[in-house]
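In the structure tokens that follow, a single protein chain appears in two forms: structure 1, then structure 2.
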Structure 1
Amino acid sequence: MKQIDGLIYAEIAERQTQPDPNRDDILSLLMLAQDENGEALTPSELRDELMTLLVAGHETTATALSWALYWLYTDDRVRQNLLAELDALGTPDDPGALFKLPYLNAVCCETLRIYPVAMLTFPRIVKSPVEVMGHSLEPGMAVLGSIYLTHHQPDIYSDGDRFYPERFLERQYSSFEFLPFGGGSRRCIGMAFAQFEMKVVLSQILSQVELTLVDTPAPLKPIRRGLVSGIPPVTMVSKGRRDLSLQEN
């Protein structure tokens, strides 16, 4: 923690002594932000914001991307479908076109459904007595939503242990049925960013290199890693470059 704090505070101090108005990275934007009284964030508040982005935003998305690659390279059919979609997209004029690709979206959703990186939501504390599905909840009780169990309810997801992106093309799931980013007013603040990042990274990797899984026992199961669930070590090697037009983007 001391080492990370040292790096972050040094970066903040450097930006304060040598401000560069042309920078538009997240730290620069946070340093420009002011509240209604014209006050900027203090160094310790800036440090907390950066730590949140790093801790909540880095490992979660990295784990989801690793799972996506694992599934894509254990199922040739899914990978070929996705490659066909990416190939047909070519180099679009609209930079948002990638985000709207239905099969790419389905692959990302199914990755986050089958092994949600966050198995549980953060806790909610009951404020006043309430009954939920026959359970009486009293003030002060902590309640957590199980994302994993919801994503494996047989009446919502048939054959729920199977990686099958098409289920997201065949029907629309409500926010009570599919909730990899939690729900309500405390839903993940990085949801849109994470989804976009997943799509950009996956499409770039898939369109540029041909990978293969090495020494990976199937089926792979998630492992517990602190607050989130992780993926066991997976080795992938490159078999060569691909030449899809998307690599220009």
Structure 2
Amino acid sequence: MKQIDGLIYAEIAERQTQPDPNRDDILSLLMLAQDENGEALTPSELRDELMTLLVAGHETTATALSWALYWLYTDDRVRQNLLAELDALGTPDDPGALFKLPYLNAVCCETLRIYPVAMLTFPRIVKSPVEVMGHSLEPGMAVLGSIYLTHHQPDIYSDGDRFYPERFLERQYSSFEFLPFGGGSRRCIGMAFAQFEMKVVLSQILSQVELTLVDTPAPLKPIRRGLVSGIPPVTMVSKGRRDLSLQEN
């Protein structure tokens, strides 16, 4: 941690002494950000945000991508619908066009809904007495929101155990109904990056490789690991190529 912190703080210090207005990387954007009082982030706060992106963003996105591939290859209808959308788009030079594809977005959202990687929000500590839905909360109590239970509320998501991306085309859910990255001012800083990463990776895999499940296990259930969930072991193999540009491994 000392070595990592040393590298990060050295980079922050260099940016502060040699600012470059033409840079648009995440650190530069964070250094330009200001709070409601016009204050910039401190070096310690910048370090924390960068560590969040580096450490908290790799396993969670990989887990979400694994679930997406599992669902796509257990539901031919969904996979064919997504392939048709990708084929119609071709290979545009503008990645922004990929980010805006409605069915690809729906597939990613439904993946994050049905088995959200973060099953709970981080705890909030009650500061003053408050009543929520008939429950009296006293100062000092810790309150956690259940993302998983919210995503399976029958009055919000009918047939919530079914993988059905079309629900995100038929309705726009509020930030209190769909919250895989949490909500409010402390929503995950990596949300936009994670969503973009999912869309790029899924589009590349589906457009260039044909996969198949080695077996057809019973419907998989997530494995809980503290505040996050994972996917049980499942094996997929390539059975052909749609594009020979992939390197042989």
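Rigid core: the largest C-alpha set superposing within 1.5 Å between the two forms. All residue numbers here follow the sequence of structure 1, with the first residue given the number 1. Because the structure is a prediction, the values reported are computed rather than measured.
In this comparison the chain labelled structure 2 is the form predicted alone, and the other chain is not.
Look at Phe122, Val55, Leu41, Ser207: the residue sitting at the hinge between structures 1 and 2, where one rigid part turns on the other, is Val55. Rigid-part rotation between structures 1 and 2: 35° for the smaller part relative to the larger (C-alpha based, whole degrees). Superposed on the rigid core, the forms differ at Arg47: its CA is offset by 7.8 Å between structures 1 and 2.
Once the core of the two forms is superposed, the Cα of Met31 has moved 11.3 Å between structures 1 and 2.
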